[in-house]
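Quick heads-up: it's one chain on its own, the form predicted alone, in structure tokens.
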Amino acid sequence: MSTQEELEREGAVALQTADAWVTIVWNDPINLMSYVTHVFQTYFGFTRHEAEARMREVHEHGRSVVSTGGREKMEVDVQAMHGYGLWATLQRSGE
């Protein structure tokens, strides 16, 4: 691979990283843990085990990153979580 190809490849990776956003679901005193698990399985397609792990993270640590991608997709995911009655926000990955 030439130096130019390497630089282009590294630039593409840097752009992908810079464009990465995350959807965060936050703990709340309203929703049952079983319901949060159900939402994660239904909307994100997580296995039961993965959905329960993310739900426990929300419950025990106050939040969990549930999806990563471009800003527009994360905005859709946040709105979907609001539609399910969950508290969710988005932010740049790594912040």
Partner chain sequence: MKGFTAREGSAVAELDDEERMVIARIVADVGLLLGGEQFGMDAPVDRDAGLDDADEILRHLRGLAEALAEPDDPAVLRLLPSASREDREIADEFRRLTESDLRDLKVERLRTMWEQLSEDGPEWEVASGDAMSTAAALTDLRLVLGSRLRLDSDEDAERLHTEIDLATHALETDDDETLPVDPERVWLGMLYQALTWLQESLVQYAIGAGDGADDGPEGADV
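Residue numbers count along the first chain shown, from 1. All values derive from a computational prediction rather than experimental measurement.
Although it is not shown, the form predicted in complex with its partner chain is what the next lines describe.
- In the predicted bound form, its partner chain sits within 4.5 Å of a heavy atom of Val39.
- Contact annotation: Ser34 falls within 4.5 Å of its partner chain in the predicted bound form, judged by heavy atom distances.
- In the predicted bound form, its partner chain sits beyond 4.5 Å of every heavy atom of Glu50.
- Its partner chain in the predicted bound form is not approached by Val65, whose heavy atoms all lie more than 4.5 angstroms from it.
- Residues of 63-84 lying near its partner chain in the predicted bound form, listed in sequence order, are Arg71, Glu75, Val78, Gln79, His82, Gly83, Tyr84, the criterion being any heavy atom within 4.5 Å.
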